[in-house]
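Single chain ahead, by itself, as structure tokens, in the form predicted on its own.
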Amino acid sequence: MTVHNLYIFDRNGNCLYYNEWNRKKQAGISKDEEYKLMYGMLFSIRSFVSKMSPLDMKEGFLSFQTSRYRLHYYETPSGLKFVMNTDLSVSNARETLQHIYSNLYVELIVKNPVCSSTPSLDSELFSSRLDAFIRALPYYSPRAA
């Protein structure tokens, strides 16, 4: 079991933060293009799910999987989007993404007057605490990548 990477997007589709842990294959395009593709895919999937769902969905789109990885999605009321890619054995990372938002992002970025004025997350403290949190997850394993 492993975590591959994490994206944090703002409401306008700008990638505020990106980090990799156990990602072996690169996309072969620039990081900016990768961010645009990821956000575009999320936008399309969310739109598709909301239109095709037979029920009124409170949660909306939560995750999807391919034959190689699972994408986990969490959107905050303010429009921040947290996206984590893991291997297939991780069935639900919603609580993990909520923890990253409420206990790391809010505490270390939103409540920090120095960090909240910049458009990207350049906080060393946030990066190190996030890295420590991800590496401590029960489904994080660097050997499984």
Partner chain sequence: MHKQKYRVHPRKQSTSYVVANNNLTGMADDALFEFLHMEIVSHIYKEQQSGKGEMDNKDRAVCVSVLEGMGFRVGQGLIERLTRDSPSFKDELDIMKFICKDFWTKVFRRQVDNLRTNHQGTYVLQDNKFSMLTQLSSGKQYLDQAPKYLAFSCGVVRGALSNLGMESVVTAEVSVMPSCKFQVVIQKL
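Positions refer to the first chain, counted from 1. What you are looking at is a predicted structure, and each value in this text was computed from that prediction instead of being measured.
This protein has a second form, the form predicted together with its partner chain, left out of what is shown; the following refers to that one.
Proximity to its partner chain in the model of the complex, taken as heavy atoms within 4.5 Å, picks out 91-99 from the listed stretches 38-46, 91-99, 62-70, 22-30. The closest heavy atom approach of residue 16 to its partner chain in the model of the complex falls outside 4.5 Å.
Interface membership of residue 108, defined by any non-hydrogen atom within 4.5 Å of its partner chain in the model of the complex, is confirmed. In the model of the complex, at least one heavy atom of residue 103 sits within 4.5 Å of its partner chain. The three marked residues, 2, 9 and 34, fail to reach its partner chain in the model of the complex, with no heavy atom of any inside 4.5 Å.
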